[in-house]
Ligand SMILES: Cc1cc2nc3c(=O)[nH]c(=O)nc-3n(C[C@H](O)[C@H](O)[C@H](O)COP(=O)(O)OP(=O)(O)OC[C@H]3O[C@@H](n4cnc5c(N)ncnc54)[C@H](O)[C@@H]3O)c2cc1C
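In structure tokens, the next block holds one chain alone, the form predicted alone.
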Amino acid sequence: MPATTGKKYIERINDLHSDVWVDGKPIQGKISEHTAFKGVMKSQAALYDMQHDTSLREIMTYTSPLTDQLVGTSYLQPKTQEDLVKRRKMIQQWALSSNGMLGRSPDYMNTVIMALASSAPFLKGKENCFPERLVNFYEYARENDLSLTHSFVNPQVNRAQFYLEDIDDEPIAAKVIDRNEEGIIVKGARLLATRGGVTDELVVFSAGGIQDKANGFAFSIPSNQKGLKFICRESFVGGESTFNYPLSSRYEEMDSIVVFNDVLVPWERVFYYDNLLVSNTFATKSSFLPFSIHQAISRQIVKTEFVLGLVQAIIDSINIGEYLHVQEKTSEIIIALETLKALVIKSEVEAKFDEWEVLRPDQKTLQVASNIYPKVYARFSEIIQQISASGIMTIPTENAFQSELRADLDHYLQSNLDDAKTRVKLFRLAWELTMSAFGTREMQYERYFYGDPVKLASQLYYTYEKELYVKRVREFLI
């Protein structure tokens, strides 16, 4: 089956009947009709339909090397700089559909699986490693246009650097507790599956820091695998009204705890297990980091453009563009936007072939970008709050505009540029992006997208080649 459609995506997820719990209750019936998921599933379905738009087909798809049918560009293994640019254009085309609010749009995990499969030869000949299974799954996902979620993180029980669970206790962090001729048996929990329960598959991948080989593995299983449960946080969908909740009604991506209750992972879906060295190095040795950061920053550029547009729309609406502090704050967003654009292009221009003949965008350049965004996005939220001032609080609901209050609202809430209803819609958007549960989750999400920002900075410091510049200074002093 080639690139899928939105209708087929929704039908597939409904037919899974995965074990998903919200507010202490299991979801019954079609998950696409549940208030916590209907908006985001509809938005994701629209992304799949874009692959069949004749005006976008050249960007959104490419010809499968196996079937000669059109498949999603996010699965493309780049061999040329043009391939890298095509990937970016496709990522940003999808991001434009949600203005970058869908942090886990399908292209993210498609990119991850593509990157891991591109580096599968690293696993060759290593104990309990099965590179051919990883490649087979990548091809299966590509040819069927699967929707994937993932879990890379263990529960936060004790974050001391050398904490180990008592082996006599029931496992907390998911681990392999048994093996048989059918596969491995996994028990315990993992965090934090965004969109858990509304994807075809769950990919579980050890991204490093593993001290017990039983906790180190990589595999994928259907979201409805027996014994697999998704426990969701509280939904941040404020309501179905796009006037009142323009973002959460469309783009709220649920986060979930994944519980494995003696889950059988068939051997054909196990990519590696019980290998500490591989568990702790594959993420860095593979092309996972450069490609996944390239995808993330490409999306974040679109999100930053939206933030800039929102800020300028507020400035125009209430006529505050003449103030120097407003100009300075807006320029911060412009500088961040142009910096991110430049870094992504630089990463493509300086891309190099890895040992498996896949063209990787420059990782160091992208690491710089990934260190910038967690800081600037939090600042964006502050800027919107500061320039909005009291306007971000005077935001009556859609029902108020349909009541006998309409005349008062029209008179007192108009602005220099907009009528009252348009102005309130604009400021409700600013409020939901920065002050609602949805908005604050977005900030936390971007802040920790690749982990602790301090550790990201430390990694950049230790891996960045500084010796040449030190040498220049030393030679100057001679």
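As the structure is a computational prediction, the values presented were derived from the model and not from experiment. Residue numbers here begin at 1 and follow the sequence given.
In what follows, reference is made to the form predicted together with the ligand, a form of this protein that is not presented.
Using a 4.5 angstroms heavy atom cutoff to the ligand in the predicted complex, none of V85, D362 and N371 count as contacting. The single contact residue among I185, I172, A378, V153, judged by any heavy atom lying within 4.5 Å of the ligand in the predicted complex, is V153.
This chain is displayed alone, yet in the predicted complex one of F438, Y62, F449, Y48 has a heavy atom within 4.5 Å of the ligand; that residue is F449. In plain terms, the part of the chain that comes close to the ligand in the predicted complex, with a heavy atom within 4.5 Å, is 188-196 out of 353-361, 272-280, 285-293, 188-196. In the predicted complex, the ligand sits within 4.5 Å of a heavy atom belonging to Q444. Within this chain, E348 is remote from the site of the ligand in the predicted complex, having no heavy atom within 4.5 Å. Proximity of K466 to the ligand in the predicted complex: non-hydrogen atoms within 4.5 Å are absent; the residue sits far from the partner. The ligand in the predicted complex is not approached by E201, whose heavy atoms all lie more than 4.5 angstroms from it.
For the stretch 226-265, the set of residues having any non-hydrogen atom within 4.5 angstroms of the ligand in the predicted complex comprises only D255.
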